[in-house]
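Presented below, as structure tokens, is a lone chain in the form predicted alone.
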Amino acid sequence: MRLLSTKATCDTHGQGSSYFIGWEAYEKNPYDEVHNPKGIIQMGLAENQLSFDLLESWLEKNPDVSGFKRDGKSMFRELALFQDYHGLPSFKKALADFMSDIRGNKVTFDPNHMVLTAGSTSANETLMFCLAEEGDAFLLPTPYYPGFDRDLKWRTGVEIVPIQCTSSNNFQITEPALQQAYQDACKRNLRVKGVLVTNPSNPLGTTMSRSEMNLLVDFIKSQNDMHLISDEIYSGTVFSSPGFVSVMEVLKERNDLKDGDEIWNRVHVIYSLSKDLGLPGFRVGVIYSENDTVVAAATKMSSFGLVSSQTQYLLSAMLEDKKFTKNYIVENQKRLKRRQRMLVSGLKKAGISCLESNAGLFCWVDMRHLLHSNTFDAEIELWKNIVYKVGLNISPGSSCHCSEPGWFRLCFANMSEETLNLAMKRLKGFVVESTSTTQSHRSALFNASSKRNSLTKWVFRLSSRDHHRDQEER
């Protein structure tokens, strides 16, 4: 008889991924400007720390809210008692309005179709439980967030089948790639229940085009039992054109889809305040769906991961302050743009390019020229050198299931400018040293080859001369 469950003893959490291993290396030797200046700099964390001063300033100006008071009277007892897992109506209304504001108010969200969860991790897993059975599959375009191997699969038993996207078209989704993924799933006897995308993309830092989203809507429309999940947790981080277009806006624009069309029941949106407001520790996520059955089921499941009443109360007041949220969104995007340019500039000085991006807290960086061979083994070898020798925790493309070795995700919004500059200085030094070593190795090979060629020519001449003399003697 087993002492523990199969789930407790299985090794399918994904913790063995290089994405998580890099985190472990950082936690054992974290960089600190004063106490550990040679430690590992965390560039594997997609965290937004650039606008904390705006949030802290608002809290200082609203002491009643942060002290859980209303009109000077304590709200503590009310907030401390048992809450309805549907969530505070005031918070859901404020969150729905905030989501609309980020999307330029081109679409609106009905609070009655929102389910609050403890972060987007919980939201994605809950949707898997609602939409699929164990052994069913979702198609995900590559590269994708490494945590999905844990969030979508570990407890649900749902499978992920990659839609292989390549650098030839900047990793955009194509119909042949989508159809190939579907065929791959069928060959594995998997029932495909839908497609999940991140828009803006993690790790690419790019927004999806309308043509890509229409392709996906057409795809699920052609099937009677498929869903489309759009994870839009980075929607407020878009700092350059093209702007962000939500899948809800695409549905609204399509002439062939009217209100009440069943396709609306098969498109779902994930959102959270972890990235746009930089509040991952507050654990605020949301599922938005027009499907009443999904909303009802997800609401019941949300009782296993509620957002605290205190958090909802505080954030509802913050989000209801329209002047603050408008200023925050604009200023935060300006800061993200500036910081992204700093990273791109630093990489360029090191002789490294990256995919042109317009959103997110990271860049998709091309280090293929630093590989000693075009293999994933070479990528991991390069990654280990950068983590353990250079002291930068970055995420290798293989952890994101990229189909091409040599791509890496580097985060830029979770550190100070000084730390980012130090990271770029370290990386540039590594590239110079690596290039010098490679050139020396090639030079040595060339010299050895030249000597061999010279010796071969000398032996050939000597042999030819002896042969000619032998011919004369005969």
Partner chain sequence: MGLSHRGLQLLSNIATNDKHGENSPYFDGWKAYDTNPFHPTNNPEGVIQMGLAENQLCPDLIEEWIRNNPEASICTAEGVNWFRYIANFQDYHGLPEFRNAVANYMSKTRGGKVKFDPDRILMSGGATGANELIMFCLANPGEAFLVPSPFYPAFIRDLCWRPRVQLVPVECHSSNNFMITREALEDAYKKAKEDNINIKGLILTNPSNPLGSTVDRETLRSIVSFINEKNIHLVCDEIYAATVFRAPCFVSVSEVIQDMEHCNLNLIHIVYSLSKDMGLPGFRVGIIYSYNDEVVSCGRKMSSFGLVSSQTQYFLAALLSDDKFVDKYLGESARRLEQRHSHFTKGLEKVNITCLPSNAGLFCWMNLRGLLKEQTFEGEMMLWRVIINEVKLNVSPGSSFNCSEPGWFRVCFANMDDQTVDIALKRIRAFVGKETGSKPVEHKRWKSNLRLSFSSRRFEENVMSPHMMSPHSPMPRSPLVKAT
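Numbering follows the first chain given and starts at 1. Quantities reported herein were computed from a predicted structural model and do not represent experimental measurements.
The same protein has a further form, the form predicted in complex with its partner chain, not shown here; the description that follows concerns it.
The shortest heavy atom separation between Asp32 and its partner chain in the predicted complex exceeds 4.5 Å. Taking the partner from the other structure, its partner chain in the predicted complex has a heavy atom within 4.5 Å of a heavy atom of Arg191.
The closest heavy atom approach of Arg70 to its partner chain in the predicted complex falls within 4.5 Å. None of the heavy atoms of Glu433 is located within 4.5 Å of its partner chain in the predicted complex.
Proximity to its partner chain in the predicted complex, taken as a non-hydrogen atom within 4.5 angstroms, holds for one residue of Val307, Val269, Leu95, Ala359, which is Val307. A heavy atom within 4.5 Å of its partner chain in the predicted complex is found for one listed residue only; from Thr207, Asn332, Ser122, Thr325, this is Ser122.
Between 147-155, 387-395, 342-350, 243-251, the stretch whose residues reach within 4.5 angstroms of its partner chain in the predicted complex through a non-hydrogen atom is 147-155.
Counting a residue when any of its non-hydrogen atoms is within 4.5 Å of its partner chain in the predicted complex, the hits in 39-56 run Glu47, Gln49, Phe52, Asp53, Leu55, Glu56.
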